[in-house]
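To begin, one chain is listed below as structure tokens, in the form predicted alone.
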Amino acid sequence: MKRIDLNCDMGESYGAWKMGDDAGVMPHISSANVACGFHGGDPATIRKTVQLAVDNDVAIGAHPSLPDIQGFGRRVMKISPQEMYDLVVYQAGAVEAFARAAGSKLHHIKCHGALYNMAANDEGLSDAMVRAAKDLGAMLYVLSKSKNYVIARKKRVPVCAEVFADRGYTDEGVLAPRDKPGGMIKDSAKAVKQALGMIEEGYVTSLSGKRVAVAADTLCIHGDQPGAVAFAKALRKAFKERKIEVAAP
């Protein structure tokens, strides 16, 4: 039987600003990536999201970002490897503390937005992220076939290769920019088809039509996307029909 982890970026509301339907999505996933306050989230939201995960038996992950609330963590900043390490440890530590207070633990770290993409292609930043995860005793979720993945394996840090059902891919196997035509997949049937191809056959069709090999340990959905709950349900239905087990690693 094939097996996949279904993760979701969540806990991204803060103050009076609400984003996503975390309570609606949580029962359908196996791993939650909880925003740490730098692109979204605040102490109360972290606490509530962690408790939701505990109540639904969902693995708790930290979702650290560049310090960019206004840009939702999607704008590139020039940082050093040491700054990468400090950003990850500081933010993951907040989620770890709330997880411990709720009687659970930090399971994984998955960086957000620009920080995620920067590390995927930069050896120094990748190495710093891997060191941070190792020092915190957490698993890493990183882009399939990325420098992150290679370095984590080399350093023997537990790592999951991540793929995306709702994002377009380039010929190099990296995520296409969100503002590029096809960069975001809004048709749930097309997204489900892409997910099944990656899980069952190990490939994704790029925006140019090329078949690109991927490794799929964990599949991401975005809690801030409209219709996230319906999309999660459609994925679970398809997985059940194809006898694909959903479970955290």
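This one's a predicted model, so the numbers in the text were calculated from it and none came from an experiment. Don't overthink the numbering: it's just position in the shown sequence, from 1.
Separately, the form predicted together with a further copy of the same chain exists; it is not shown, and the next lines address it.
Only one of the listed residues (Tyr116, Tyr149, Phe164, Phe98) places a non-hydrogen atom within 4.5 angstroms of a further copy of the same chain in the predicted bound form, and that residue is Phe98. Residue-level contacts in the predicted bound form: of Ile199, Ile221, Val204, Cys36, one residue has a heavy atom within 4.5 Å of a further copy of the same chain, and it is Cys36. a further copy of the same chain is not shown here, and in the predicted bound form it never comes within 4.5 Å of any heavy atom of Asp9. When contacts are judged by a 4.5 Å heavy atom cut-off, Ile46 counts as touching a further copy of the same chain in the predicted bound form. Taking non-hydrogen atoms only, Pro67 approaches a further copy of the same chain to within 4.5 angstroms in the predicted bound form. Contact check for Met19: a non-hydrogen atom falls within 4.5 Å of a further copy of the same chain in the predicted bound form.
The chain is drawn here without a further copy of the same chain; in the predicted bound form, the stretch among 152 to 160, 166 to 174, 120 to 128, 82 to 90 whose residues come within 4.5 Å of it by any heavy atom is 82 to 90. Along 127 to 142, these residues reach a heavy atom to within 4.5 Å of a further copy of the same chain in the predicted bound form: Asp135, Leu136.
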